[in-house]
Ligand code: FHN
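The form predicted on its own is given below as one chain in structure tokens.
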Amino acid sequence: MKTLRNMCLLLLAVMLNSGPIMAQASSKKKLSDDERMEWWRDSKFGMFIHWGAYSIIGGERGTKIAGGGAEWAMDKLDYTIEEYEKYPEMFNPQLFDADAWVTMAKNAGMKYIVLTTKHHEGFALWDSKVSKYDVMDTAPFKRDVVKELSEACKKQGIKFCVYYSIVDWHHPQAQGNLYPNYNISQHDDPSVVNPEFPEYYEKFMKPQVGELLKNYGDIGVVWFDGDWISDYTTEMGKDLYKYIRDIQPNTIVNNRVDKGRTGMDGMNNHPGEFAGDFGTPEQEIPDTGIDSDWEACMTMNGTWGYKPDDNNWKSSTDLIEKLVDIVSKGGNFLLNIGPDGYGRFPAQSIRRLDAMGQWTKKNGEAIYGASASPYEKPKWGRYTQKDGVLYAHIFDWPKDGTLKLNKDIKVKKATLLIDPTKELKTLGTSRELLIDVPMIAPDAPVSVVKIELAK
């Protein structure tokens, strides 16, 4: 009888203790596509981080400077695999501070971070069990960068996302006997096929992607690159998309998981059905809005990876206007940072992040959760809209104190976004809507007029 009572008590304890576990499991229910995409659509602004062994090189080798992005140093500066391996072997960024990185992103108004966990060079920034060519086994750093950054994001309420390159210049099966040295022109030729690539895909690439999904908590986005190589097929892309969603049903995957793009175009334009949840225009903003989800990724200067020789920095004003322009067309803005080999953000990037943060702190209402407006973009700036409110983002402040808007806009109330207590006078004519604004722009570099629409 005593044994039976003990068994009953044990069973009751198990049932009580399983309650939270069951509740936790149910909270991770599979979402609909709209529910799954909701946080991303509302976020609008994210940070891209290109970081790896190439950050030590800085796009330079002796007197040679890599053309284009410094993250392509292995290819552009003609390193053999053996020559390049010395850089992962010296990767020891003692100034890396995951919490500081995330704080800078958050203070800039960014809502998610995408880290290059493995770029084309093949060097992984996490403790991979599939390969020893990683930050824990090859580098003296001996710290799991993905783990530290994912935990820092979780603490500060930022979505953590991972970039993974399909291209791998280090792995022998990703090059095969046809490729003693990687040559992108060969990979653009559909007649050149690497017979070893399918084995690389099944036994190396998929398992590494699986590690990122299984070991670092919820992953907001899996961001692929390198889809242009002919070795990678649409069958692989669809299989990989399903594999990811089977592990984390609610994660989001960019369209470079498949083969729908032509060249470096951001949106799928090949005929047929392709996997992926959003398009990826690179270094450009579409002239008009796009019906499907999209995200423009862009550098602050001319390179993704750290490159001290590149001083062609976009101004803070330009970057803020780009953010507004992208949101006004229904997209997201993924803005890149290229930390150096010590783990520091360039000072030029920090200054621009600070300026964007000062602006988004005051004007974020007109950005986060906002969408494209039905009105044609005005000459003086852009429109965004949300919940029955139209926001007029003014790039060129009217010198005469009169803001001219589309005549079809019906106003209930108009105010300055940074000063909601002062109502602005409005006048509707047959040709345009006129709003009286202060003679001097109240907020630099982009001032916003908030227009509550009449029903």
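Quick note: we count residues from 1 along the sequence shown, nothing fancier. Keep in mind that what you see is a predicted model, and the values were worked out from it rather than measured.
Below: the form predicted in complex with the ligand, not depicted.
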query	finding
Partner proximity in the model of the complex: E85 to the ligand, non-hydrogen atom cutoff 4.5 Å	no
W313: touches the ligand in the model of the complex, heavy atom cutoff 4.5 angstroms	no
Heavy atom of E71 within 4.5 Å of the ligand in the model of the complex	yes
Contact label in the model of the complex: F48 to the ligand, heavy atom within 4.5 Å	yes
Heavy atom contact within 4.5 Å of the ligand in the model of the complex, the stretch among 365-373, 346-354, 235-243, 219-227	219-227
Answer option from Y163, Y79, F160, Y201, heavy atom within 4.5 Å of the ligand in the model of the complex	Y163
Selected contact from D318, D99, D127, E282, since only one has a non-hydrogen atom within 4.5 angstroms of the ligand in the model of the complex	E282
Residues of stretch 232-256 in contact with the ligand in the model of the complex (4.5 Å, non-hydrogen atom)	R256
